[in-house]
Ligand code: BES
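There is one chain below, alone, in structure tokens, taken in the form predicted alone.
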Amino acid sequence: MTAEFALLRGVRDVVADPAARPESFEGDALVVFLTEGGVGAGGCADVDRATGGLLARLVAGGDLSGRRYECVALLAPAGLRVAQVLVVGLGRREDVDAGTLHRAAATATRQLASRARARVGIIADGSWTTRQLEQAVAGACVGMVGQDLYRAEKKRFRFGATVWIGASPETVDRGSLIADGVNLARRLVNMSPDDMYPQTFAEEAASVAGRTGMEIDIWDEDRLVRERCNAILAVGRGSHRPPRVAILRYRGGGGNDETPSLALVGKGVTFDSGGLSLKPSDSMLTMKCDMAGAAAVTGAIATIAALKLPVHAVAAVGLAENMTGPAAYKLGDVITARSGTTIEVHNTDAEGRIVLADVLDVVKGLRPRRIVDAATLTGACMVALGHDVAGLFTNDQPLCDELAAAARAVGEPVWQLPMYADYDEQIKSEVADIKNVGDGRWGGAITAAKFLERFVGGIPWTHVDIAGPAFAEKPRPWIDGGGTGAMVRTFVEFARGT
């Protein structure tokens, strides 16, 4: 398996040319961004002047509106040395933010990447902030990568070279590395579950660690037994592929401090059949994505290491298959987790929280200052927030506020849900300390979070339920269907302030 770390392999296919002008650029295509209300200033005005007022005439005639994510191709315009100009709408100027630029740039490159192109230029606007430009660069790199991993006839083609006109090389390099992390997470999710299972995910993590200079510790089945990780072992019993826990450590904070300032934890159920509480076929079809939390934190810490951020961070992922083999765990089983907490099983399809029970306890032992976990944990969160918004749950409001601010800064939508103490009552068991589901259908995302809270030991912690945004069941203008790499950009941005 090959991860999507193009820059770390020494391939410089995304570059900046701060001094270039649109009229001097030669290539297959040139991308320019247009806001509603006219040509305005900046790169769009430069293209308009070079083409003798073409853009202004098209705006006046109603052929260009600048509506958000509208793409209009102008073929072989006079005054430029490109085969086409792709005009991409950003919506109202006052509403343009990092998320808009990320999706607009991805929309442009996704459209252009439908066939091979040797050289594409993208005009950066001087009004964008450094963070906004980074996210635009990342979006452009994500948009040209599809999910056609197993197709003989590919549907998306990376450009031979992408040239960012008017951008600084440092900013473009950072944006490219952020995209590498997102595309790594997407690739891990999009791989066939027959190729991506606990052992091979751990091997992929080891490969990433080798390329970025991180430490890695992989716990195999024997180590998990010795460490009393009975929860993750129970979930994995129904599969012939045993579980793994992988712990990546990046020491970028300087000094010899053994205490990580940040721990990222990811649910890595590489395929979820539902176990004996079997899912229907329609619900099971996309369950290769149930390791998207593990993919997100792996992509995030790899990017943190590649960017050489001054932070001491660890990422721990719990990897298991939830299958129905003869040794599968059963309803009514009582599991003693690594922490000593006993868990009564009421639903084997609520397995992710059981996996994370042990992984959170392992991470707690590293004494990090803060913990953030990511998991495709509940359909209930999708009922509450839909497909595009991740749910936040916390025991520490300042931490949650910082994470939400990082998400807003890069344009990933999140929303906090309550963690009232009354919800603890719903996961109490008559025969064990807790049970793995709440009472009935209501508040399921919250009771799942309350379950996880039992295993963080009072360390400041925020849980991110990415069940909705982690996987796109159909294409969007800015991304192919499949894994989205949700929360990689947020976690990287959050680590910058840690």
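In this text, all values refer to a predicted model and were calculated from it rather than measured experimentally. We number the residues from 1 along the sequence you see.
Unshown form predicted in complex with this ligand; subsequent notes refer to it.
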Though only this chain appears here, would Val208 touch this ligand in the predicted bound form if you measure heavy atom gaps against 4.5 Å?
no
Just to confirm, Ala467 within 4.5 Å of this ligand in the predicted bound form by heavy atoms?
yes
Quick one: does Thr378 come within 4.5 Å of this ligand in the predicted bound form, counting heavy atoms only?
yes
Would Ser114 sit within 4.5 Å of this ligand in the predicted bound form, counting heavy atoms only?
no
Checked Val96, Met287, Leu399, Ile427 for heavy atoms within 4.5 Å of this ligand in the predicted bound form; positive is Met287
Checked Glu412, Glu134, Asp272, Asp373 for heavy atoms within 4.5 Å of this ligand in the predicted bound form; positive is Asp272
Thinking of Lys267, Ala350 and Met382 as the candidate spot, does this ligand come within 4.5 Å of a heavy atom on all of them in the predicted bound form?
yes
With the partner removed from view, which of 305-313, 227-235, 351-359, 337-345 is the stretch that lies within 4.5 Å of this ligand in the predicted bound form, judged by heavy atom distances?
351-359
